[in-house]
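The chain that follows stands alone, in the form predicted alone, written as structure tokens.
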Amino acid sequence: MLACASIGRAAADCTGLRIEQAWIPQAPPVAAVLGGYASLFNDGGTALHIDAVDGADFGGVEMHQMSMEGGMMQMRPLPGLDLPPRGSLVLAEGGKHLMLMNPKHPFKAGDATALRFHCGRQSTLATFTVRAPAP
């Protein structure tokens, strides 16, 4: 059974997964890829593995890691995200993050979209809000 969780509340599935401060930076309307950032928390007593993320407003969502290799920043896809029991993980610019591929429409500051985080056969829904670029 799939259930939704509000940001800031413990999830009913992906047992223990809580997603807070979920946001997408506003990009030009023609952007083919957007970034997704959030703080993920495992409030449960067992490890969680997020093996996929998807959203109806995108052609696909990938999990990626930015890291310095040989003096150059590299971006590599990740097969999943792991959260230890009572642990946390920050999806942030320059580190682990979501790549939101082929948006189905332009997004402007204040818009919101739902992304579903999958842990095997269970999932949790989170709302991501689009933020205007910093001045």
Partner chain sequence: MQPSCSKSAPRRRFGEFLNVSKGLLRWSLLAGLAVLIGITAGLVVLHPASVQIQSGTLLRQPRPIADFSLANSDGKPYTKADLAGHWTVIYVGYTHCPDVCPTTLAQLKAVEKGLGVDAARLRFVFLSIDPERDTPEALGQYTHYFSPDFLAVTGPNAQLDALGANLGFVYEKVPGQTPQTYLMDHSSALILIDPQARLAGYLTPPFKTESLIGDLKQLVENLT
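Numbering follows the first chain given and starts at 1. This one's a predicted model, so the numbers in the text were calculated from it and none came from an experiment.
Below: the form predicted in complex with its partner chain, not depicted.
Within 4.5 Å of some heavy atom of its partner chain in the model of the complex lies at least one heavy atom of residue 62. The closest non-hydrogen atom of residue 78 lies within 4.5 Å of its partner chain in the model of the complex.
In the model of the complex, no heavy atom of residue 103 sits within 4.5 Å of its partner chain. At the 4.5 Å threshold, heavy atoms of residue 44 stay clear of its partner chain in the model of the complex, well away from it.
Taking a 4.5 Å heavy atom cutoff to its partner chain in the model of the complex, the contacting residues in 33 to 65 are 33, 34, 35, 37, 62, 64.
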